[in-house]
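Read the single chain below, which is given as structure tokens and is the form predicted alone.
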């Protein structure tokens, strides 16, 4: 940023917030200049989401003040924040799926024509102008449910910009993107800041932070650890990571290669689209099979079909050498297959249920019963889940806490605990560390390594190239719904994966 102005776009002074059993923020101060990209980093549960919800009016602080245009506020409402020019693009999808991209952009500020009726043509034209100004090629008439995750993200950003904000808060905007799409988003964010809009940027991808930040604020356990000015300080990933977790962190430590056992899962001639290819592959006991490919390549769709949660036109499935019919997820679970989805809030969790209920929801038959086998043994259920919470280092004030109040990383750990509780033999991880901080990534990777060491089998879909290289025994590269490469040992490199994914390598 060239010559940062003295006047702040927004300030927060000594913000504190307490939830039941948790000090989410403790005397945190933060400020943002117009035209600046100020990044906030920290482990899951560090207080990042709480801070941005306070700045945007969705939470009320217990102490502290927010300052905008020399006005001091003890708290903001969402309407006040919007009036003051503060807009948020959350990680979770908050779009209306059954209406067009354009209508989502102007939701709440509809373009009205004669007789007070919505002018659809003007809506589409104005949305096209916004997308064009962003350098995004997107048909504004398309229904949101038919857009890719990345295109949906562009719609959310477009909606925020349609309100002409002075402060734009972005929560994990590239979490669902591959490298190429992420770079496009980062370029867009830099362009937005050059328009004079102050950007508060949250991401667990520290490489992005280093690339685009003007300043970086580090939070840990609800407290501000440091604020770094990238122009004047020499900062690297290791330094930031140590501040976040209080110790040295090894990024994507290489998993030791395991000796594969028998075939745990075999897929033959699987077809999910009429005009699409047929795919076949095997998963062995004690192996992590990485699945690579660009967003939209068909990675997740193939694995959903295997699990019985997606369309399958034909194909044979064998589990432990036995041909099996998997027509729905219940049959897959019965055969010992668990699926950790990429969108934990939409398809992975019952947000209004407790930690304990989310953990045991698919494995109640595993629980001992009492009183002539008529009722679940609730004390035993609590004991088993408490052991899993401790094993996975899940941060929660109690097992009865509604899971929606946990941080994203702790929610992900609960989902992992669910399948450990069910004791499945085959795990399908779709983006296992998406939206997860560096410390939690390391913990999850260790868990995955322990699982395969104990004879379990893992299919891991990931957009993180270093994660694929570090954790996979083999990597299948998917392009246009087909397996275009199988990489082993020293063949598993970022360059090989990218070249095959883009169709450059035969």
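Residue numbers count along the first chain shown, from 1. Only a predicted model underlies this, so the values are computations on that prediction, with no experimental measurement involved.
If you look for the form predicted in complex with a small molecule, you will not find it shown, but the lines that follow are about it.
| query | Just one of 455 to 463, 48 to 56, 439 to 447, 62 to 70 has heavy atoms within 4.5 Å of the small molecule in the predicted complex; which? | reply | Only one stretch qualifies here: 48 to 56.
| query | Would residue 401 count as touching the small molecule in the predicted complex under a 4.5 Å heavy atom rule? | reply | Residue-level check for residue 401: yes, a contact with the small molecule.
| message | in the predicted complex, does residue 103 come within 4.5 Å of the small molecule, counting heavy atoms only? | response | No, no contact at 4.5 Å.
| message | I'd like to know whether residue 228 contacts the small molecule in the predicted complex, with contact meaning heavy atoms within 4.5 angstroms. | response | Contact with the small molecule, no.
| residue 426, heavy atom within 4.5 angstroms of the small molecule in the predicted complex | Residue 426: no contact with the small molecule in the predicted complex.
| Among 198, 290, 409, 158, which has at least one heavy atom within 4.5 Å of the small molecule in the predicted complex? | Here the answer is residue option 409.
| request: Using heavy atoms only and a 4.5 Å cut-off, determine which of 239, 281, 405, 90 is in contact with the small molecule in the predicted complex. | output: Here the answer is residue option 405.
| Triple contact flag 254, 467 and 500 to the small molecule in the predicted complex, non-hydrogen atom at 4.5 angstroms | None of them does, since no heavy atom lies within 4.5 Å of the partner.
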